[in-house]
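Listed next as structure tokens is one chain, alone, in the form predicted on its own.
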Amino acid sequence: MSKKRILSGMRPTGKLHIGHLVGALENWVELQDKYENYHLIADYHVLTTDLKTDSVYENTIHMLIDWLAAGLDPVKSPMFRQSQIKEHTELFLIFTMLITSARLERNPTVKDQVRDLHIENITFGHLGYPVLQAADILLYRGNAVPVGEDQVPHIEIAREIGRRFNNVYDEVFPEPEPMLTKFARLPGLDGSAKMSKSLNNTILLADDSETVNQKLRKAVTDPLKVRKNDPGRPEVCLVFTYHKKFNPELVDEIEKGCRSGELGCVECKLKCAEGINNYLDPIREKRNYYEQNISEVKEILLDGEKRAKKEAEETMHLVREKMKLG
């Protein structure tokens, strides 16, 4: 019995942070032994919020290095750029005929982006990017997509479009299922709900141990715990959230020490930084290798694009055949 197929990806934003590691990369690495994985570098999606493209390729290479350092295997999991496979835009064009603008305007994820990014005039491309995302997924006839809860509405749109194509022309596409990630988002160092490079509240996979130490020193904690002997509330402290991921064996001890006041925030942060650094050390070692061998990274990208192109061409052959456009 052949493995089911997964399509997942990210916009190329450059070096990744530990929120990406916990929220996506570790899940991808675990899934690549159980499923047939395809990993998309969504460089066309960058255009929905930023028309400047001069740094996209450099950011792609930085991000790919982090994917590889986190454990993605290029043999098991081809990695490729959306822009280098024209079938993405070809299928996108067909899919735009299968969904109404009213349906896209009801998409809560786009509404949230318009609000959060203060977008005054939404472009046709931004409104329709869930359709391009549907093409990204269905082009590889993916059975599942690992996503966070905020992306589930996009997967539903992909399911609707695939279902409509199958009903109008004939069966080609499976209806992909969302696979929710196991670990919640890590809060940012400033106490924000999530890490974001735009907020400068991240710990990067590329950060050295001293940088991690310095960043943790500035992390916000329980505002009511001012001095060491003050009793703390670990449930409202972002550093305790990090401990649960990076120091799981110390969680009970840290919670007890915090609540009693025996453990001060400075010592707690040092323990947290140590746990994060120990966790990142193997990743740093791999990052160093790939940074010293950029030509190998570029070859991995080209090989992934060659393999993805073959699958994309097969799907579009079926699509044209069913539409009598062959």
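Note that the structure is predicted; figures quoted are calculated from it, not measured. Residues carry their position along the shown sequence, with the first being 1.
This protein has a second form, the form predicted in complex with a small molecule, left out of what is shown; the following refers to that one.
**Q** S77, T221, N201, Q133: which sits within 4.5 Å of the small molecule in the model of the complex by any heavy atom?
**A** Going through each option in turn, the one that passes is Q133.
**Q** Which listed residue (N166, N143, Q151, S209) meets the criterion of a heavy atom within 4.5 Å of the small molecule in the model of the complex?
**A** Among N166, N143, Q151, S209, a heavy atom within 4.5 Å of the small molecule in the model of the complex occurs only for Q151.
**Q** Can any non-hydrogen atom of I137 be found within 4.5 angstroms of the small molecule in the model of the complex?
**A** I137 belongs to the contact set for the small molecule.
**Q** Mark G9 yes when one of its heavy atoms lies within 4.5 Å of a heavy atom of the small molecule in the model of the complex, and no otherwise.
**A** Yes, G9 lies within 4.5 Å of the small molecule in the model of the complex.
**Q** Heavy atoms within 4.5 Å of the small molecule in the model of the complex: does Y129 have any?
**A** Because a heavy atom of Y129 falls inside 4.5 Å of the small molecule in the model of the complex, the answer is yes.
**Q** Does L47 reach the small molecule in the model of the complex if we count a contact as any heavy atom within 4.5 Å?
**A** The answer is no: L47 has no heavy atom within 4.5 Å of the small molecule.
**Q** Picking from 272 to 280, 34 to 42, 49 to 57, 285 to 293, which part of the chain touches the small molecule in the model of the complex when contact means heavy atoms within 4.5 Å?
**A** Only one stretch qualifies here: 34 to 42.
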